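Next up: just one chain, as structure tokens, the form predicted alone.
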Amino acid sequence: MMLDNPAAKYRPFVAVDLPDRQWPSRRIEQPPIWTSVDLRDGNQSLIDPMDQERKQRLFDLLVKVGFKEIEVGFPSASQTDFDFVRSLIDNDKIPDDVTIQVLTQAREHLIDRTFEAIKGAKSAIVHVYNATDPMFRRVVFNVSKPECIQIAVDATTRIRQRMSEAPETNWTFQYSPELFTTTEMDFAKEIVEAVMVAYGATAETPMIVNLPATVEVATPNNYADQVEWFCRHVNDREALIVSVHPHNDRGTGVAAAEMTLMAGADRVEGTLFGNGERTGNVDIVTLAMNLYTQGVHPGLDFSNITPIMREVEYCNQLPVHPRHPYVGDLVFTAFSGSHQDAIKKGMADRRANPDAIWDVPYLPIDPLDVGRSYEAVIRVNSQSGKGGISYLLEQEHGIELPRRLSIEFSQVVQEVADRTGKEITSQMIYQAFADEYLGQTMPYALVSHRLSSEPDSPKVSLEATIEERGERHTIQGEGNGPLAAYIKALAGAGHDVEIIDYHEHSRGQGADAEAIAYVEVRIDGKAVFGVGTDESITSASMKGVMSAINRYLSSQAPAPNVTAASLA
């Protein structure tokens, strides 16, 4: 049961005293060093950890995406990890420009086992850690501050010795004061500086210091303050590559990573879609694409994001949420009518200005940049409006509805959506349009027509055959154009029709092209739309008029007299 006074049980985080912080006014103008921990931190959090086949597939994917540093396992803690690391090295699976990283605890026999696993690697990062925060020092390990520092220094000394025994490998050393964000800042600085001395870090041979938010317990700005404080106060900052490893317990892992980069971090450890212990690691795809939308290429290639997502889903045996930023199946999809209308207008403006800066409402990135199409940008349900319906008809069926017709037809689709309570597909929308407008061939239909005109005369004479409930009649008329002549011919046959508005365009290309005409007419004081299609624009416009007449007559038909007897 939640407490009435949670302050009696939980303490607020301690803010960093940094009144002259600089990071809030900075921008990220270049990508960090990316390090994937999918195969270690991500793997250890899975219900069913990856087997060798899935590990290899994920490693190959990470290389393809462009990672140059990949943490491949915790070989001293798992025979599976040990065997996988050996397989990568023995089978020459690691590209020359990729550095593998392995994790080890700060214990001599585990360090030695780790070096057995990576023997013969061309380039490797050995990552050692020990917990430094006061709760772990007191509750878990029962060590004093000097004892905690000694653990880190002894491990560093051993690692340096083992590295010197294998000069054929290009070594990098990494140390993590685990639970950095809950460690006293002065002590974090002290233990890192002791490790730097033990390793002999210099600007020419720097070491990585990884400052993890092992458990996210504060707002992301506080993490940034801690990183900026550390970078400003640690001795020999130029001898360090400052790395961060944000977790997502408060749901702000991405923001924390971005702010710590602004605060001076050089490197980020995370997983492709944020998989990790508890609520996960920081999501590198989101981080990278956030940079991309600000005009900074992240140095990772997500040009075809859907196959990447599917491969990671297979390897992790975990689904990626359909609303996951940039990659989820629904992230480029709008159901809301107002959103759809804005997107439709934005896309039209984009077509008119294809080389301009991307500026489409509700779409922070062009879906094409990550291998998605525009087909799923707008989808229709009961929450949608005319903008989305018009967009789908135009994009997928070549039908460009005039505004007033768009408003009218949206009510037709809305009725279907309300009745079914489900998403309305593009094909369903087209079928509703065809039924409502193109399929209106009763009681009147145009069979044929013939036009003639005198030289130097603006007048056009028309003779048309129309069918009324199976019977054919010939009508004649004259006007300033084919459609005007047709309207006169209909008036002579007793159908008084006034043209209010008219639009036309071609639909399709080449031999399959056809004309489509949208005609708004007034009959007995009522405005009615009709639509016609034909290879000839003249025939299409006449069919549009007949469609309008038939729709008007249908709307005037009395409702059937339904009685209890007729339902029996």
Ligand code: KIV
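Since this is a predicted model, take the numbers as computed values, not measurements. The first residue of the shown sequence is 1; numbering continues from there.
This protein has a second form, the form predicted together with this ligand, left out of what is shown; the following refers to that one.
For the residues Tyr129, Phe173, Phe409, Phe115, the 4.5 Å heavy atom test against this ligand in the predicted complex is passed only by Tyr129. Between this ligand and the residues Asp369, Glu178, Glu478, Glu311, the one pair within 4.5 Å by heavy atoms in the predicted complex involves Glu178. Interface residue remark: Arg40 is counted as part of the site for this ligand in the predicted complex, having a heavy atom within 4.5 Å. Contact between Val268 and this ligand in the predicted complex is not found at the 4.5 Å heavy atom cutoff. Of the heavy atoms in Ile125, none are within 4.5 Å of this ligand in the predicted complex. Using a 4.5 Å cutoff between non-hydrogen atoms, Gln440 does not count as a contact of this ligand in the predicted complex. The stretch that touches this ligand in the predicted complex, counting heavy atoms within 4.5 Å, is 207-215, out of 207-215, 297-305, 165-173, 83-91.
Along 226-247, these residues reach a heavy atom to within 4.5 Å of this ligand in the predicted complex: His245, His247.
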